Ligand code: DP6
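As structure tokens, one chain now follows by itself in the form predicted on its own.
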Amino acid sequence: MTHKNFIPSVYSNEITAGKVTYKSPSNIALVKYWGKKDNQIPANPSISFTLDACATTTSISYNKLASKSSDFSFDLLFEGKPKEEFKPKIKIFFGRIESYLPFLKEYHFKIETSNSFPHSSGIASSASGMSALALCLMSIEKKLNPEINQDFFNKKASFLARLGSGSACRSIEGDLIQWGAHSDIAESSDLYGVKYPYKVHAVFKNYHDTILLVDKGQKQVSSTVGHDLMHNHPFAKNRFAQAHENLTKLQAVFSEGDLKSFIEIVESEALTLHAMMMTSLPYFVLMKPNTLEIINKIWAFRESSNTNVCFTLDAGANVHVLYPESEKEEVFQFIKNELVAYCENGQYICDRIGFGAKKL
């Protein structure tokens, strides 16, 4: 498919008003995407676990205007209150997707959104937020064109979400989502995420992710700026090749339930992501001293307990502690006993693999 497949012809239905609500989860990448081309195209493919508890719920109420507006008409409420500082990002998003949703200037929208986690927690809300918004808009388009089938609906929702936030394209479905063209993965695309098409061993079902909130402050470098710094990065070419290689390796890992190799790839990917930040120009460090303390504690505990607990990191200081269902009691006790002390105000979030967004 190309982007032209998502440009609609004339709509068959007319609607004047309505309301739609979606709850969409965040996700955590196992193979990281870092660096992007124009139009939110990833410089390398990625794969992620869809989460469950960390989610955004978004409602859109819509009313048809008397005539098409020259600009986008919308109000935005976050946690029940107007949030003016969020509006410019939504306006940019609408501008990017207008050719794919030509009805956008024909309605006034009231967007109401809230997170299941504190906005200032350091958990990225762009993936859950933009995917929830894209799904609501697709639901409106489906009313205008009821012939849209579920497969196309999901692909276009993922495509639209990507134009708001790259990783948001991996939050439409679950439980394992791959994004970015890759020679070994059928149907993979730079334009949208796809459900991982190959065999996945039962050990990777019901996987747990306890998110340790090490630092809830504003990052000193945004992800957008960080992605841009890959353009002239001295190690970019090798990094992009490494991501392709790790996705190929994961095919056997997922099929065979090879937890040792899973850990090796996932932790290497997390550290490589931060190595790219530390070796760009300008260079920056998003890990905190407590991030490193937690990593060392995890390594020591894994060695002494012979469990399969591991970590991954997003573009920030927080640590995602990953472990299989069969080890949850032992690992969670370790987290409470030894890791929570390194969290800001002792805060952490218990999450696990989820299965995508839901219409409410």
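The first residue of the sequence shown is number 1, and the count goes up from there. Keep in mind the model is a prediction, meaning the values are calculated, not measured.
Here the subject shifts to the form predicted together with this ligand, a form of this protein not shown in this document.
Enquirer: Quick one: of A29, L51, C310, A317, which gets a non-hydrogen atom within 4.5 angstroms of this ligand in the model of the complex?
Expert: Exactly one listed residue reaches within 4.5 Å, namely A29.
Enquirer: Could you tell me which stretch in 35 to 43, 324 to 332, 61 to 69, 296 to 304 has residues with non-hydrogen atoms within 4.5 Å of this ligand in the model of the complex?
Expert: Of the options given, it is 35 to 43.
Enquirer: Tell me, yes or no, whether G174 is in contact with this ligand in the model of the complex, where a contact means a heavy atom of each within 4.5 Å.
Expert: The answer is no: G174 has no heavy atom within 4.5 Å of this ligand.
Enquirer: Is S158 close enough to this ligand in the model of the complex to count, meaning some heavy atom within 4.5 Å?
Expert: Looking in the model of the complex, residue contacts with this ligand do not include S158, since no heavy atom lies within 4.5 Å.
Enquirer: Flag N290 as yes or no: does it have a non-hydrogen atom within 4.5 angstroms of any non-hydrogen atom of this ligand in the model of the complex?
Expert: No, N290 is distant from the partner.
Enquirer: Taking the shortest heavy atom distance, is S128 within 4.5 Å of this ligand in the model of the complex?
Expert: The answer is no: S128 has no heavy atom within 4.5 Å of this ligand.
Enquirer: With this ligand taken in the model of the complex, which residues across 218 to 239 come within 4.5 angstroms through any non-hydrogen atom?
Expert: Counting only heavy atoms within 4.5 Å of this ligand in the model of the complex, the contacting residues of 218 to 239 are S223, T224, H227.
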